[in-house]
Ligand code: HSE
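In the block that follows, a single chain appears as structure tokens, in the form predicted on its own.
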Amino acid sequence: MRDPLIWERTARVAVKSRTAVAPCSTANLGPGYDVFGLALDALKDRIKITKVSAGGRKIAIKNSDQAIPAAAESNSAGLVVKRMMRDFHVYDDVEIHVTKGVPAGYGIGSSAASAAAAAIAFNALYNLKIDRNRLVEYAAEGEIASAGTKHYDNVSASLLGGFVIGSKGQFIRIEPPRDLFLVVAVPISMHVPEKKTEVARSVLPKEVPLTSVVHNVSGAATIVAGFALRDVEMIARGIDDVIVEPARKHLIPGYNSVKKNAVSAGALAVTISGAGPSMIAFLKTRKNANKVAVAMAKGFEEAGVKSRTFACRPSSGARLA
């Protein structure tokens, strides 16, 4: 990290605003709870940060969506900018224009996409030249708005792209296989509680059998090996969580039907996307993607839930627009 005092004396802002986009993502991938993230080349958030005036350090959130928090302290992009302003002694008033493409509360990294895009845009606006791993640390600040605490799985994937093994201070990116396709089913008519991630964490067991831990470690290792070897079928073999998913599946109407239908339609593996309630299927090539998408939607429909499905490849991550 650059010395903020040196930066404060020497930096000159050449532009008034910068814009960045960041993709949605999925976390956990079954057994990789709070560690694995995968960027998805589908829905995106767009963040534009504009320098309004000097001397105030005020942050204004601009958004046409009334569901997005207007206070910087409650907004994922606002929290990121607030922390970066403090660390780099920026005293400008700024506006953050948020264009949401990733629906909030469905387990596909909505807050992470805004946070990642905000970190990229602010870094470019003030020419801070922060390395990407450090930017992940700043983006993780935004997760406090939705989860109540910093965590890195979605933000690391959204910012860095590809498959990321992440924890505080260390983020290992692996390029996904080219023939990996994902189908995501988002239950759009389902009621999602406020602070949904906190609710999903509250149902997790406090103690688990050692045999379950061994099973999940084996699966997680298999997933990492599959990404390293560019082997989609190996990745899919590792996606079997016996700790977190069984504790959360009752929160998702139609869970069993969605999973069964997807596998019957040709999916190699199916799991909850992040904290849910979205479900994600893993496929080798796009051949069966449409069939799997229809089958997953039917599974939710059987439970009286309307859903939106999309098929995609992994994303290369956040970028300036």
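As the structure is a computational prediction, the values presented were derived from the model and not from experiment. From 1 onward, residues are counted along the sequence shown.
One more form of this protein exists, namely the form predicted together with the named molecule; it is left out here, but the text below deals with it.
Proximity to the named molecule in the predicted complex, taken as a non-hydrogen atom within 4.5 angstroms, holds for one residue of 280, 267, 43, 275, which is 275. Site annotation in the predicted complex: the residue of 248, 100, 83, 215 reaching within 4.5 Å of the named molecule with a heavy atom is 248.
With a 4.5 Å cutoff on heavy atoms, residue 296 does not count as touching the named molecule in the predicted complex; it lies far away. For residue 197, a non-hydrogen atom is located within 4.5 Å of the named molecule in the predicted complex, even though that partner is not displayed.
Under a 4.5 angstroms non-hydrogen atom cutoff, the named molecule in the predicted complex lacks residue 261 among its neighbouring residues. In the predicted complex, at least one heavy atom of residue 27 sits within 4.5 Å of a heavy atom of the named molecule. Note on the interface: of 50-58, 27-35, 280-288, 251-259, the segment with non-hydrogen atoms within 4.5 angstroms of the named molecule in the predicted complex is 27-35. With contact defined as any non-hydrogen atom lying within 4.5 angstroms of the named molecule in the predicted complex, the contacting residues in 127-157 are 151, 153, 154, given in sequence order.
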